[in-house]
Ligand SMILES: Cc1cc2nc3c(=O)[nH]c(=O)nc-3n(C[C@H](O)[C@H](O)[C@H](O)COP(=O)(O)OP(=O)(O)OC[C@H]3O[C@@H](n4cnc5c(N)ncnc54)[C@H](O)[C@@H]3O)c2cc1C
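Below you will find one chain, with nothing else, as structure tokens; this is the form predicted alone, and questions on how it binds or moves follow later.
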Amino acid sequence: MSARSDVVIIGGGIIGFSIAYRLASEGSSVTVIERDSIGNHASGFALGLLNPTNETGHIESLNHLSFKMHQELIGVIQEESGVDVQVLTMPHVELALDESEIPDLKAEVHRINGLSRFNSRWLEPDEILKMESRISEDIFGGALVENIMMLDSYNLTLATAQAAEFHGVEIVLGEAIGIVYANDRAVGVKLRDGQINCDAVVLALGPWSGTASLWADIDIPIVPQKGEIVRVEGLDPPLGMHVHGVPFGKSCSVVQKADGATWLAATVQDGSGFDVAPSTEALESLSQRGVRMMPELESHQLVLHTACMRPVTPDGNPILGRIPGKEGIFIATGTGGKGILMGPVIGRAMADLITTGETALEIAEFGLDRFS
């Protein structure tokens, strides 16, 4: 373990390693501290959906830029790491499972067609069934979005970590227990078995970001949100699209990934604390949702059931930028279920901010000070 780095990043998920990769690519010495192992939590268990069209509001432009950056970076990261991130490009179909959903979905088609990188169109039920006959006949149409991307989130996190190592990043498996200050400036990070001196500290602790409230003397309003995903036997022939809907009032994705399994994703459970035990309730709920959209899945056997925690903020948007009242401490957390999509753009914005003091990317409204 090096005694000093320009930047120490606490947290080895997709956000921490995306920042580390960008910083190291531009010449900074970087150490990433990870308590468990790479991709051992949400970054390794996420669905891996890259679809920036499914969210509007202030975060939309960042999501679209990050999607573009993924397209530019994935090949480079795979080459530098030797890890296949299992990218698939496919259409997305948003099903209208109730007649009342038709107006909103048609409005979505119009909105998405106003975006520069995506095409969308409304499909009648017979058109959807012509594309994929295994979808339920009990539908009222759907919105098609062309060329979204699906990848393996664990492999992406591992590839980003190993590509960061290729550029000189040091990964330390250990537990950070505090920040060392000279006056109000961060000059190091304390570990249980040592200390690393530095010029800047980045808090990328995901659901555990609240722990750093004591270190930074400020409330970091992050809570864990439990999410569960079920994988069942793959379809034959393979399902060539990402199917999404809101059966029984709850969101559900059905997609066949490069691993061959069909994924049903995902539950959303607040208030469960740090419980990551897969639950029978989630398994039953996801199975029912999936079968509602694709009845054939009822006969497919369970392959894997996973659970993880997402970091969420009170307003649902990430926390990005400096820690108010301190020098040399930065934070990147609260991405909820968007961490895999947002990794590249957060990496670039935070690296800019750390090395030059500013960034051209529009992250000012996502500062921690909005909660004060």
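All of these numbers come straight from a predicted model, not from anything done at the bench. Numbers for residues come from their place in the sequence shown, where the first is 1.
Beyond the structure shown, there is the form predicted together with the ligand, which is absent from this document and is the topic of what follows.
Only one of 308-316, 323-331, 54-62, 23-31 places residue heavy atoms within 4.5 angstroms of the ligand in the predicted bound form, namely 308-316. A residue is said to contact a partner when one of its heavy atoms sits within 4.5 Å of a partner heavy atom; Leu47 meets this definition for the ligand in the predicted bound form. The ligand is not drawn, but in the predicted bound form it has a heavy atom within 4.5 Å of Gly339.
Within this chain, Ala176 lines the site of the ligand in the predicted bound form, having a heavy atom no more than 4.5 Å away. Taking the partner from elsewhere, Ala266 is found to have a heavy atom lying within 4.5 Å of the ligand in the predicted bound form. Annotation: in the predicted bound form, residues Gly12, Gly206 and Ile229 each come within 4.5 Å of the ligand through at least one heavy atom. Contact residues in stretch 149-173 (any heavy atom within 4.5 Å of the ligand, taken in the predicted bound form) are absent; none meets the cut-off.
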